[in-house]
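We've got the same protein chain twice here, in two forms, each standing alone as structure tokens: structure 1 and structure 2.
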Structure 1
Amino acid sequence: MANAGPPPNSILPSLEAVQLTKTYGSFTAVSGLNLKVEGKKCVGFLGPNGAGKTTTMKMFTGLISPTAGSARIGGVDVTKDKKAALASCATLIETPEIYPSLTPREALSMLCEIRGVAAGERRKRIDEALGKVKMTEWDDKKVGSFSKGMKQRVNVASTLLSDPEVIILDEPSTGLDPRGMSEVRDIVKSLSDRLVFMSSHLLAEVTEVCQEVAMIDHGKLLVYDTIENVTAKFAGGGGSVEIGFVKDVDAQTQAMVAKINGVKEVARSNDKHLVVRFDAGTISQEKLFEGVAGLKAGAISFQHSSGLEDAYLSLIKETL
């Protein structure tokens, strides 16, 4: 029998930004972004604060409209036909709130009805989703009494209801405790049979669950490739460590660390941590440790960072 070609549902899920632009007055949040991610995989979406990650994701979900260009899901322009574009796409943007007087079961039931999950399947889908985020025993309590982390678990559950082909997650671990973050990572890893587009500031999380990364800064795409290729191309020689301090790191300490022999670059990853890139070799590493200890600035931990962190620091020179 002649091959009739692939059935329609074998076409790969995709997200595509075509000259996607968003401006607010004179400020350009996203500038002519061209990006196409396609296939069943997890793609990390990285960039510093204010880089345009959330703005891009909001344009993909109809929360805001592009100033120019288009955001397409499965080839359908979200601005022109949001309903069709999001028919097989689940989203979690920022940290949504749920109507406080509803229970998780009711809130998820509302989404099931909106998304067209068959009436006979709804209970099973909701049970499964709540089970995955460990919220089964809270299914009949009002959401208004929940902590931020519990609400975020329900939000994560909401993305699993309708068996979507594409899932857009904007920092899904926000507000979760360490166990919750680990559980979300496991959930995302389990979604390998669909396209997951996930923004995160946690590079270790992205390294663990994603196969590819797209990095943007100042609204422009810097790179989109597999993590291996990005690491190989941009991590450069040498290594990097994350140094933890007992107190907030001030600019003076950061400057002193930057002056240590062999140090190539220093960036603050949060109030009490510096990420330091240094020349290759154990001698440089030894000098760095001695130098930091000699500063007596309250350094309490040294941790090797991943190649993705090196690439990130190499590509993104400054943060807001």
Structure 2
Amino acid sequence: MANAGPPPNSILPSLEAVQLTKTYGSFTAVSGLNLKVEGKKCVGFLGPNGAGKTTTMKMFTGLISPTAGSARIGGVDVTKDKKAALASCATLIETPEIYPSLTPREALSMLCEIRGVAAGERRKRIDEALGKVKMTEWDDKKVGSFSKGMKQRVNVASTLLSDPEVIILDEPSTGLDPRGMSEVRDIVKSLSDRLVFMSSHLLAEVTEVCQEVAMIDHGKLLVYDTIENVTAKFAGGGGSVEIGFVKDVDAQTQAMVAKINGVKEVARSNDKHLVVRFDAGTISQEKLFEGVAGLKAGAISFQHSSGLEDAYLSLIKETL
């Protein structure tokens, strides 16, 4: 039997950019962006550093105003009626700090008061949020003693206090160790009953937790579709690998990797990682590994890329 979909009068959670533009003098950070995401799912928001991801998210949350166009949540223009637009939305932009002398319960209680959560509801909301991020046993410990991963779990808990339909997350696992990253991924996957719009430089993470992706570069939308469709359409032949370096990759190192025999394309996935596409076959892979090792540029990891990473490499044209 075919899925009948939601009742006719139900309103799906949504985010929409309509000709959304932000300029700073002669520099255009976001350029005429048109994007509508709707429904209960996780959508990855991808692009290289400087592509306009965080600027777009800040316009959706009212932290900055667009130069032109509009950002809408649930059909409401954030600029025209910020309170109504953000009533069903929670955000985690960049990495907010928590007062180290507070416990998670105290910090979340303060946020409940600021957000107007009824006094009789606060304990229940805090208990549910802490349980969701598996921090219940730490609710009376000082945040100043927590690891980065534990602090980030409290930050994510803060987005759940108002029971939002839409959650905007800006690189939620950045700076965390592998365990912390895994914990945050598990939390995001548990939010399948909401619309989660998440930026990330970690393409393997996006593949694991998201159903759809939107890619932008130079402030313009390149593609928005399911991961399966993007991969099928834009992932080319041959092989690809993500190479991690101990320090930020400079333009010279990237150019040298691009000159290795058999390499077809090179792009950054973040400051310390390159995604490299090379000719098919183990011989090409062997030459690539030997060539990168010979550069003595501080390469510390090689990981075969997913189809999404191949598509990313095909779509993103980096400007050095």
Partner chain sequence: MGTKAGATQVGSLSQVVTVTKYNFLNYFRARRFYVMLAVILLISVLLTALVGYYRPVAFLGLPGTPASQAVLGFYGAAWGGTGGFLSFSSLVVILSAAFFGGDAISGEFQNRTGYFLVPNPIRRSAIYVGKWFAALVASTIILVVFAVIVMGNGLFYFPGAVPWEFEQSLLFAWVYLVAALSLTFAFSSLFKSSSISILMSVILLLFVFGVVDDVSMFVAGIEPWYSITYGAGIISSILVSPYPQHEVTESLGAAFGRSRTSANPHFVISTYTASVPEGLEILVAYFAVTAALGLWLFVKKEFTS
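One-based numbering along structure 1's sequence throughout. Under this definition, the rigid core comprises the largest set of C-alpha atoms superposing within 1.5 Å between the forms. These numbers were taken from a predicted model, which means no experiment stands behind them.
- Of the two copies shown, the second one, structure 2, is the form predicted on its own.
- A displacement of less than 2 angstroms separates the C-alpha positions of Asn229 between structure 1 and structure 2, with the rigid core held in common.
- Fitting the two forms on the rigid core leaves the C-alpha of Lys141 displaced by at least 2 angstroms between structure 1 and structure 2.
- Remark: with the core as the superposition reference, the CA shift of Val18 between structure 1 and structure 2 stays below 2 Å.
- Its Cα shifted by 3.8 Å, Thr103 is compared between structure 1 and structure 2 on a rigid core fit.
- With both forms fitted on their core, the C-alpha atom of Ala299 sits 6.4 Å from where it sits in the other form; this compares the forms between structure 1 and structure 2.
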